[in-house]
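The chain below stands alone and is given in structure tokens; this is the form predicted on its own.
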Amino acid sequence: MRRLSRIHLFLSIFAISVAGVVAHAQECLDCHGNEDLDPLRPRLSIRADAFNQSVHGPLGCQTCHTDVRGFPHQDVHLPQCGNCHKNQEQNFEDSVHGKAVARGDNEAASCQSCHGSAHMVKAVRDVTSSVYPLNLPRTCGTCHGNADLAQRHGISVSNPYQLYMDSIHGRAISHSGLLVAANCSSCHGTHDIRTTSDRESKVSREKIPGTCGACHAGVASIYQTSTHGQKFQAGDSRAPVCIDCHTAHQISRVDTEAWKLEIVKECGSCHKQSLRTYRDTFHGQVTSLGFTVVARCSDCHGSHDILPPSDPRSSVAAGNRVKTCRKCHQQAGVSFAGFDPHADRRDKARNPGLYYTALVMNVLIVSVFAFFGLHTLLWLIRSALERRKQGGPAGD
């Protein structure tokens, strides 16, 4: 019974306090709710309905404007968000935006740039909030979609906002309204946004697999056991991470024709010799013509689970090649699977038969063209001499 009395007393005090806050806020809004309060300083005018619906509305005015005493009052200092949001303030100060503000850059993003006016801030989960997941790309795009601003501040001028909106993540947000789709903060963070060169950044090369793996956990675990993932974990800076194959903002579906053709070039950007020998094969010749009906790198080697041929788990290991070939060639046998898809006509030690065959063919082709070229030249000279003897024009 005594406990219930204490709870009732607490609730009564709380209700009285809230009533007092609301009453005081209404007194402030009696003046500041006037749109024409000061035409030269429009920010002094506050929309009462927007403030009351904001996340700060229940706090009243003096929670932030602690230096207001009496009425009428003089100009007051702008309240600091960090007075209440200390952790967010610290993260912001360490971020690329916070450092730009500290340097005096008046175009750098501040709290209000993303969250809106302090009198209109909405909760992150409010669908009308500027930082609600479905609205956040547009908010970030205000700056990062502005080519002039990007050029002035040395930001990427490739318009990451538009690239993102055209990507599989952006379309999932804008077309399908999927809250689970990655938005800007999913990869870059919220208040602690850092440059890619900062090792603490979520998008630094060292942390990319973990950042992408926060959503793509299954793929991340497969990647870690692959030859690429193992080399990356061993500190090999040349080992590819997610963005090397999928890019950063321009991520597209892997079942599109454009992706299937582009991935061959992506693999070839590191495996140059393999790309050259692949282009010499039937598979490579067909993909060069823009068709995707033949095997590409990932069809044989896998995508995230790539392993060296010496690993018995690899799809191109000796014991697995028949199975791999049968994904397309259902009648393939051991002899068929023994075909070398990367035979190199320039490598005498590895492919001596192909090397000498190619050498003979090259010599034969050069000899044929040289012989008939010389024959044609001599024939033209003889024809010209004969015509001159007969007194006719040499060109007839």
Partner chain sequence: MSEARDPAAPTDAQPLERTQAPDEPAPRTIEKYYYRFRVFHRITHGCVMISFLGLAATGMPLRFNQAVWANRFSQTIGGFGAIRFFHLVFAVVLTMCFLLHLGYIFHLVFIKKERGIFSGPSTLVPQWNDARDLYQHFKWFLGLGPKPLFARFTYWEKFDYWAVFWGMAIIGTSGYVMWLSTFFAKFLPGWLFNVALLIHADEALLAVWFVFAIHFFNSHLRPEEFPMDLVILTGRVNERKFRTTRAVEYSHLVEQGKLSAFETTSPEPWLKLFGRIVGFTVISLGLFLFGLTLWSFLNE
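None of the values given here were measured: they were computed from a predicted structure. In this text, the rigid core denotes the largest set of C-alpha atoms whose superposition between the two forms falls within 1.5 Å. Residue numbers count along the first chain shown, from 1.
Another form exists, predicted in complex with its partner chain; not displayed. Remarks below refer to it.
*Where does its partner chain sit in the predicted bound form: which of 45-53, 356-364, 26-34, 60-68, heavy atoms within 4.5 Å?*
The contacting stretch is 356-364.
*Has each of R279, Q285 and R382 got a heavy atom lying within 4.5 angstroms of its partner chain in the predicted bound form?*
Contact check passed for all of R279, Q285 and R382.
*Scan V127, L289, L78, A258 and let me know which has any heavy atom within 4.5 Å of its partner chain in the predicted bound form.*
Of the candidates V127, L289, L78, A258, L289 is the one lying within 4.5 Å of its partner chain in the predicted bound form.
*So in the predicted bound form, does R388 come within 4.5 Å of its partner chain, heavy atom to heavy atom?*
The answer is no: R388 has no heavy atom within 4.5 Å of its partner chain.
*So in the predicted bound form, does any heavy atom of H329 sit within 4.5 Å of its partner chain?*
It does: once its partner chain is placed as it appears in the predicted bound form, H329 has a heavy atom within 4.5 Å of it.
*Do V293 and its partner chain share at least one heavy atom pair within 4.5 Å in the predicted bound form?*
Output for V293 is yes: heavy atoms within 4.5 Å of its partner chain.
_When the contact criterion is heavy atoms within 4.5 Å, does D347 count as touching its partner chain in the predicted bound form?_
Because no heavy atom of D347 falls inside 4.5 Å of its partner chain in the predicted bound form, the answer is no.
*When the two forms are laid on each other by their rigid core, does A50 show a Cα shift of 2 Å or more between this form and the one not shown?*
No, the C-alpha moves less than 2 Å.
*2 Å or more on the CA of A358 between this form and the one not shown, with the rigid core superposed, yes or no?*
True for A358: a C-alpha shift of 2 Å or more.
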